[in-house]
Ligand SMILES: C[S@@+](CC[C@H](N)C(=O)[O-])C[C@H]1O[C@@H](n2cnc3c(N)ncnc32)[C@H](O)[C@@H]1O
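The data below hold one chain only, encoded as structure tokens and taken in the form predicted on its own.
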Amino acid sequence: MLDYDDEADVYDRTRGGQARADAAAAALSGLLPSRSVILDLAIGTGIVAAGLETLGHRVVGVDLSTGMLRHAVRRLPGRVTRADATALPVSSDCVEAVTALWLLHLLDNAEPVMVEVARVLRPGGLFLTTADKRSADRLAAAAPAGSPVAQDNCARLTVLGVRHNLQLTAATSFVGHGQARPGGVDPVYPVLAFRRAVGRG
């Protein structure tokens, strides 16, 4: 896995910059009620969160990387903190919406994050996450399919969602501007929307 503290200073410039961030923010916003209050997991440099703010939402965020948080705090002063997505410093049943872009594919096991998301979301709250990132990258580059099932695989996340009272209710996608491999095209990244059931089952 990348050392995101080392990557922080070049992350935006090497990951599609403002164009990719704006596309991601627009896709997320299209699945959210207007003026949502959002908890962003792995907020990174805060570039997408800042885009969501421009679109009328209010974002607070967490990340484990102090390097990334140095950038995020400039974009969202007073609203970012260092925390693990599997142990959020948030009360249960109180969050309107949770977002996680380019997080789950990095994990050995996505389920603890899904468990924590289900805990903090209020009944009817939304969890939005990118899915199948590596598959999208391979398709865009016309590369052979990989063999292991990724932690952000759509089918896997759907099953985990059902297990933890998170029902897949919508999906969209956005173009990963600036992410094309040599000879390829920019990948299209899926975004899944899960709604927390009103009852705990």
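Everything quoted here is computed from the prediction, not taken from an experiment. Just count from 1 along the sequence shown to find any residue number.
Below, we turn to the form predicted in complex with the named molecule, even though it does not appear here.
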| item | value |
| --- | --- |
| 4.5 Å heavy atom contact with the named molecule in the predicted complex for all of L121, L160 and L168 | no |
| Contact flag, N153 vs the named molecule in the predicted complex, heavy atom cut 4.5 Å | no |
| L101 within 4.5 Å of the named molecule in the predicted complex, heavy atoms | yes |
| Any non-hydrogen atom of A140 within 4.5 angstroms of the named molecule in the predicted complex | no |
| Interface membership of D84, the named molecule in the predicted complex, 4.5 Å heavy atom rule | yes |
| Contact residue in the predicted complex, chosen from L32, M68, I38, A27 - any heavy atom within 4.5 Å of the named molecule | M68 |
| Candidate from V115, C94, L106, V73 lying within 4.5 Å of the named molecule in the predicted complex - any heavy atom | L106 |
| Contacts with the named molecule in the predicted complex - residues in 21-56 whose heavy atoms fall within 4.5 Å | A42, I43, G44, I47, V48 |
